[in-house]
Every structure is written in structure tokens, then in C-alpha cells.
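A lone chain, given as C-alpha cells: the form predicted on its own.
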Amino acid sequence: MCVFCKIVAGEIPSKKAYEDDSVLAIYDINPQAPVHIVFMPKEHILTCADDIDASNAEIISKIFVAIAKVAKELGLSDGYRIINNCGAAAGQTVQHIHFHLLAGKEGMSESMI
């Protein structure tokens, strides 16, 4: 069982930013910006963006709806960044699809583009 599945199951504590029936968002334990929240499907159905297709696109849509909701609730009107690392060469360390929401001036340098 991957670390995100353990978090979803409640085996590993986390600070939740959002939760519904199919999506969980938690504050990153090693934030790269003043706001750093990780959004994931509760079910381990995808490893990374390479696995997205018509049969599972609905969960990706639900994740992005959750991202927009949390961004509005947090007042991130100045902007934010959504990142998905796909594969080890891109820095993916957990093989459970997830998206990082980053906001705030710190950690948002041009080097992150």
C-alpha cells in the first residue's frame, strides 16, 4: 500500500485541506511554497498522468473542481500553480496520481517553470 493510500485509510495522520467521497487534499509536510496542498483521488486507480484516459478522466475532473474550490476558499486570487510530476525523472516519488497546488511568493520563482 502506498503512502497516499495509507493517508486515505487514516493509517498516517495528515492535515486535510479538502475531502469528499472521491478526492482528498492534504497540506504537504515539506511545503515548497507558503501554500502547498496535494490533491489525490482516494482510490489508487492511476499512477501518473500517463495513465489518464477516457475511462478515468472523471476523477481528474473532480480533482480540478476541488482545486478550484480550495483556491477560492483560500483567497488565492493572485494566482497559483498546479504541478503533476509524472515519472521518476520528473521527480515523482509516490506512484499514486496527485497534483500539487502551490501559491505565495516564496517558492514560486522562475526556476519552477
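In case it trips you up, residue 1 is the first one in the sequence shown, and so on. What you see is a predicted model, and the numbers here were worked out from it, not measured in a lab.
Keep in mind that the form predicted in complex with ligand AMP is missing from the display, and what follows is about it.
Mapping the unseen interface onto this chain, Val8 falls outside it, with no heavy atom inside 4.5 Å of ligand AMP in the predicted bound form. Contact check for Asn30: a heavy atom falls within 4.5 Å of ligand AMP in the predicted bound form. Using a 4.5 Å cutoff between non-hydrogen atoms, Ile59 does not count as a contact of ligand AMP in the predicted bound form. Using a 4.5 angstroms threshold between heavy atoms, Lys42 stays clear of ligand AMP in the predicted bound form. Contacts with ligand AMP in the predicted bound form, taken as any heavy atom within 4.5 Å, map within 11-25 to Ile12 alone.
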